[in-house]
Structures are given as structure tokens and as C-alpha cells.
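This document opens with one chain alone, in C-alpha cells, the form predicted on its own.
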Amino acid sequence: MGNKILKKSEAFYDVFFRKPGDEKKSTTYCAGCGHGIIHKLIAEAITDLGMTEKTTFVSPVGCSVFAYYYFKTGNVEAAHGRAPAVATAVKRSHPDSYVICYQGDGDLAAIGTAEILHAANRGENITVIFVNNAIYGMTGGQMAPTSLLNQKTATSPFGRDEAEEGYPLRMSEIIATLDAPVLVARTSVHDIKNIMQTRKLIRKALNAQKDKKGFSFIEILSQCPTNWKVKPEDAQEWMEKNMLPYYKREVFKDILDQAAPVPHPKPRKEIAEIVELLALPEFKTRKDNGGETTLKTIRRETKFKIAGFGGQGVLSLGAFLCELAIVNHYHSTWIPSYGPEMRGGTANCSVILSPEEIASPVVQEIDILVAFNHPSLVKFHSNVKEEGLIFYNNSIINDLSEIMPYVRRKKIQLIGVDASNAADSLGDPRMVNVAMLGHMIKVYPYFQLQQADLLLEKKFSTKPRLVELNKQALRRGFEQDEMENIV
């Protein structure tokens, strides 16, 4: 008869340490904490189900954040409350992976309420493990949305009052009212019987994801002796007396038998049209005034800031640049920023074009600034890098004195484009952004004018008059004398 060897799950690291060279090899769990038990159950499940190599843990702020010290899987840390949104992105980007969203009650039921509800309502094919210990753990024992009535915490020293703070949220019951979730249950890890029930539910939820059944939500009532101010050996009694009467342990929804596999979301119509353009022959050269120019290749991340008034097509220009980049097999990101006004308020967007995947969409140092009005030029010019480029709308920007010291010191090239006048001459001031784009394509020879034409045809396919008007604006900007516009 062979000996059974008890050892750590293969989904765990062999040694837990918080930084290289740490000889203590200690865990982050407090005495009596339930996280260690839950981690063990998850690790054994993903090992037994053969998921370890394809699993990604998404954990936000709180005690849950330390998952990456333990699990030998993919790990992504999310901002406070945003784990379901990050998990959605990971799953949609890698639909064959297994994504575990691991959150505490101070995270999921407070700042993350909207994120979890919408992810559940969309039926994202992820597994959410919700650890409910009725209090904020890592940050000092403040009252959580799940804290019980009369429970004393750091921020409710006299106990939670329903008239003052409302009632504790029962997240499982709320999630179960939605149509999309396929498995919603509450369990606990305070004794052996309930630990075994939790073990079964975790495996059931992971199998649901493996079978592409959709969104699963497992709420686990867990001990937190440190913030409950009780001894670890008394935590079980505290939970039975206080938590279990309010938080019923049951399966609130289980429609796995009826649920069909969830299809991977289809690309939106706009994306599909751009992908269709990728099938066209690549443009290597373009004709300029009778001559021929070889298109350049974007060899590094190039960061744009496009800014102006609302109504000048600032955000649309940024999105159009990204579409041009996609057609040319580049990576791109676009982040809009605008004031509360639909028209006349400030607006800008950050755009990055790159031959490689882009790690962050944030633009701080600018390679190319496109300014449609004077306030935008003044605001962003000092973020342009040395030997950068500024396109400005010289139809309405006449005074450059304020920016010239910086421009000369940094050897920045200034290019004025008579964009507003070009648009006005066509009888439609909205064409100012397309006129600007036309001149940008001329000076920045990475894109083909014909590609812009094709995208415009796709964009305004139901409005032939706008297609022709945009093409005219594009050429008005392209045909402006480049050398006369360089200051």
C-alpha cells in the first residue's frame, strides 16, 4: 500500500515571500483569517481541473491584493473596485483563458458596486469569488457595506445604525435577480462542513467557466478576528452568532443545466469595417503633386495630443487617426477628455500609435500636438518633447509670442494650417478637423490619402453628400503649401 504524500497545490508557489531575499517566508494572513483557506480551495481546484497554466487572477485593493504572492498563475492587479472591468478585458482578449475575479466586501460592495453589477448583467464568462467578512480588512477595520447592524468598527464606534448608514448589502441576493448569471451562491469557511461545501461550489463555478456557461458568483463568509477584535479561536462563534442569521448560506441561482455556451462577443460593426479594409492591398507609395512619396514606417510609440473647443471634431480626429493606424497594421489607443458642454467647451484626446503593443494609454510627454484654438496651444505646448511637432489652426491662432521661447529652446517645429478657413470655404465649419487631417497626412507621411478616402466612405456610407464634402476638406488641407506654413 503506497503512502499518500500531502503537499502544497501545484498552483501555489513553492515558497511564499513578499520580496526577493525575504528569509521569513511568511504569509500575509492574520491568525484565524479565512483567506488562506479560500486560497487553498481555489488552488486545489484549478490544479485538479487542469487550469493552472491558463488561469489569470484579477485582484484589486484590499487583503485580496496579495494573491500574486501565492498563486503561480497569471496575476493582474486592478484599481480599487475595478476588478470585474479588468477581468472582462482579460477574458475578452483571451477567451480561452480562465479568469478568477477575487474581491473583498469593502471593494466589491462599495466602490466596485457598479462594476460587479454590470459585469454580471452582461453575463461575462468569468468566476467571481467574493470574500465577505463584514468589514474593511487591510485598511484598518472601517465599516463596510456588508457590516452588520450594531456592529462596531473603526468608523462606527457605537455600532452601525440603519437610520444613519442603511442596511447591510446582501450581494448574492442582488446578483441573483439579474437574468445573465448562471450560478450565484453563498457559503462560508468557518467550519469543516461549510469548507467542504465551499470547495464544491468553487469547482462548480470554475467548471461553468470551462464549459463557457457564463457568469458565476460565489460569496464566501470569512473570518477576520483582527478587525472583529476577537481571538482567532472565538471567530467561529462570532460568525455563527452575528453573520449567519443575516447572511443565509444557500444557492440562490443555478441554471447551469439550461445555460447554453456563451458566444464570444462579436466585433462591433465599425471594427468589422476597419478589419475589412485590412484585406486591401497595402499602400507603399502615394502621389504628391505629380511626384511620388514612399510611406514611412512608424518605428516607435508616437504620442499625440489633439485639443480645441467642443464642436471642432477634436475627438473624431483622434479616433480617425487610430483607424488609419489599424488599417496600416499598427497598434493604437485613444482616450477622450471633455468638459460638460456639448459645444463650445474644452475638449482634447490622447492618441498613441505604435508598431508594438501599447502598455499604457496615458500621454504625458507629447510627440505631436494638434491645437485648434489658442487656449489649447498655450495649455499643452510645454508638454511637447524636444524636436517635437505642433500643428496649429492658424485661421484663428494669430499670436504665438507666449509659446515661442519654449518652442525655440526645444527646437519644436511649428506648422500652421488654415483649417477653419478651409472648412468655411466649403460652407461647413465642421470640416475643420478633416482639413487639419489632410495637412497632417501630407507632413506626416505614414498614411495614404486614399486610405483616408476609403475610411470616410465607410464612415458616411449612408450620407453621400458628407462623403464628398469630407473628401474635399481632406484635399483642401493636403494641398496647402507646407513650406509657407512652417514658422
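These figures come from a predicted structure and were not determined experimentally. Numbering starts at 1 and runs along the sequence shown.
From this point on, the text means the form predicted together with a small molecule, which you will not see here.
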{"property": "Segment that reaches the small molecule in the predicted complex - one of 324 to 332, 152 to 160, 228 to 236, 127 to 135, heavy atoms within 4.5 Å", "result": "127 to 135"}
{"property": "Residue 207 within 4.5 Å of the small molecule in the predicted complex, heavy atoms", "result": "no"}
{"property": "is_contact(residue 111, the small molecule) in the predicted complex, heavy atom dist at most 4.5 Å", "result": "yes"}
{"property": "Distance check, residue 413 to the small molecule in the predicted complex, heavy atom within 4.5 Å", "result": "no"}
{"property": "The small molecule contact in the predicted complex: residue 80, any heavy atom under 4.5 Å", "result": "yes"}
{"property": "Interface residue in the predicted complex among 43, 67, 61, 441, criterion: non-hydrogen atom within 4.5 angstroms of the small molecule", "result": "61"}
{"property": "Position in contact with the small molecule when the complex is considered in the predicted complex, options 84, 104, 313, 181, heavy atoms within 4.5 Å", "result": "104"}
